[in-house]
Every structure is written in structure tokens, then in C-alpha cells.
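Okay, so here's just one chain, in C-alpha cells, the form predicted alone.
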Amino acid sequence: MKIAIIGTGISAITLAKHLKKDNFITLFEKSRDVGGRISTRRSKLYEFDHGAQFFTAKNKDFKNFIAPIIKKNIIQRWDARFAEFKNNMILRQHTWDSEYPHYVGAPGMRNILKHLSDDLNIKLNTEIHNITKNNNDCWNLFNTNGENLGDYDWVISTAPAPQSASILPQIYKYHSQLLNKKMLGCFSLMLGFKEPLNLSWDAALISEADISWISVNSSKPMRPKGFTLLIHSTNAWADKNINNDPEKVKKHLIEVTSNIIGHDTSVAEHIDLHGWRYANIEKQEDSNSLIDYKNKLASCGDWLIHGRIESAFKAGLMLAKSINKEL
């Protein structure tokens, strides 16, 4: 079977790993590197995990999946000093430890996907615009330039639900369900400083503000020495401002961050911003695989369950097991 998988996030890589036996798998990624929202952005002096910040592991299958990557030190524990803020005040603090480990990729979050995808057939810088059925009852994939990228027996989209809806045809059995998935936006503000800020914490959960998260990204294992902060806006504020002038967004988030941590963050040497239109989703009640066996189409992602790395893995594994039963 020839199977096309759109996307290279954790759901896509999990799918490919569990479907590649006796099948020819090709993954298509619109960006220049793998990872999806498990992302790392680098400048000359600074590095930022501007997507997923960390992850935990509860599910047995997921623990088994990451165990060999932990042994290779590509996944490491982040024993961060954690704080919770409300109304610009610290409510409580503690340090993460081995009792409930919090994991990160090393030396960056994206390294997890780069390692996992080493043996996979991936076409980077290739954005799929649409797919159509040909005379041989196979699917042809077309990029944004209208070029035919080949024919496939199965097509699986792991892009965010709204993007999957625009790629997959309306005959797809679950097309309306994709359209009904309400995904939430987020801004990532990246700040690099010449001198470290004096903070009593490495990661902070924020409430009652327009930002929800601040981390000292440089406190994670194997990061460059340059002191960095990564700030996430709330989903609600991002959804209201996703089309706003980026400079205005930066200015507002810097002001909010400065008020919370008690340092003027506008003095940062490096300031960057990324807007995630489809960053997260609230916990879903119905997390069944969206497999259209008749048309040989499917879609999946963390948006089937919850916006978490482990959820993305579970969605990919669940779909792979279902499809393998039919092949």
C-alpha cells in the first residue's frame, strides 16, 4: 500500500512508525523541518522552544515509545523551579522532580522529531493544497503550485482540523466534524538577554492576565548559555488579536510580562514573535479515530483528544492500529 501522511508532528511520526511495515509511506511537510508544534527556533546567540514547552508521560504505550529516546539523552528531565502566578503575585512554588517527571527534547524540543524521523521518507517544503481521485481509484496529491506529487492508496492528514478540512475532499465521511473542531490560537514571544534576569523560578503558570506561561528556556538541559524567556499568550487573547499588527502584539506582551516578573523585558537584545493560529484545543469528549474506510481517507492529531504531546501520540497510535487491521 502507498500511504501519504500530511504533516510531521508526533501524530504523523507515530503513524508512520506503526504503518511502515509492508507499506510505502511518504510524509509531506510544508515547513523546512519536521516537528509541527514541537518546534525550536534558533538565532546566533539564542534558542527557543516556541511551541510545546515540555511533556509528561502517563500512558504505558507512550512511556515505552519514549524510553529508548530517553536512553539516548535526546529526551531529558527538566527539573524546573515551578511557580504559579495570580494577579502578578506568586501563589506557590515547588521544583519538578523524578516523582512526576517533566520531559523536554535535548538540545531542543524539535530534536525528538528529528531523531524519530531519521529513517522515514519525508518531503520537506511541500505544502499539500488538495487531493483528487484519479481513474485508477487512487488519490493524487497536489501542492500549492498545482504540481501532481503522485498517487496513493490512502491519504491521512495530521494537520490541525481546519487545515485538514481544507485539504481533504468533502466526500470524506468526517469532513463536517473537522469543520466543527474549535482550535485555539496562541502567540509565542521570544526574548533573549545579554545578562540573566534574577528570577526565583524557571517555569511559571500565569492566571488573570493576557499571558498564560513564562519559561526560562535557557534553564532546560543542554541549552545555549544565552539567557532566554519564552512567553505564551492566553488562547483567548490570541484569538482576538491573531490578525493584529505584530509590533503591537509584541509591545503588549512585553508590557504584561514586565509587570508580572518585575523586570523591564523591553531591554531584551533579541525579540521575536510567532503566532500559532491552531495551537490548542479543549479536552474532547469524543476521541474516536476519524477513518473513512470506503474512501481510504483519515485524519488525526492531538485535537482529537487534547492539546498535549501524549494526546498526539495516542491519536496516531489509535489510528495506526485501526488501519493495520484493514490492510
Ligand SMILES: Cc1cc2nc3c(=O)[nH]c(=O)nc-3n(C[C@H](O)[C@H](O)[C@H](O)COP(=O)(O)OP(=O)(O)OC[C@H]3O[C@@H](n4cnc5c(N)ncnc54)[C@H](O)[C@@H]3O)c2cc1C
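Residue numbers here begin at 1 and follow the sequence given. Please read all numbers here as calculations on a predicted model, not as lab measurements.
One more form of this protein, predicted together with this ligand, exists but is not displayed; see below.
- Here the chain stands alone, but in the model of the complex its contact with this ligand, taken as any heavy atom within 4.5 Å, falls in 161-169 among 131-139, 203-211, 85-93, 161-169.
- Taking the partner from the other structure, this ligand in the model of the complex has no heavy atom within 4.5 Å of any heavy atom of K296.
- The closest heavy atom approach of I309 to this ligand in the model of the complex falls within 4.5 Å.
- Within 4.5 Å of any heavy atom of this ligand in the model of the complex lies no heavy atom of N217.
- A residue is said to contact a partner when one of its heavy atoms sits within 4.5 Å of a partner heavy atom; E47 fails this definition for this ligand in the model of the complex, lying far away.
- Residues of 1-27 placing a heavy atom within 4.5 Å of this ligand in the model of the complex, in sequence order: I6, G7, T8, G9, I10, S11, A12.
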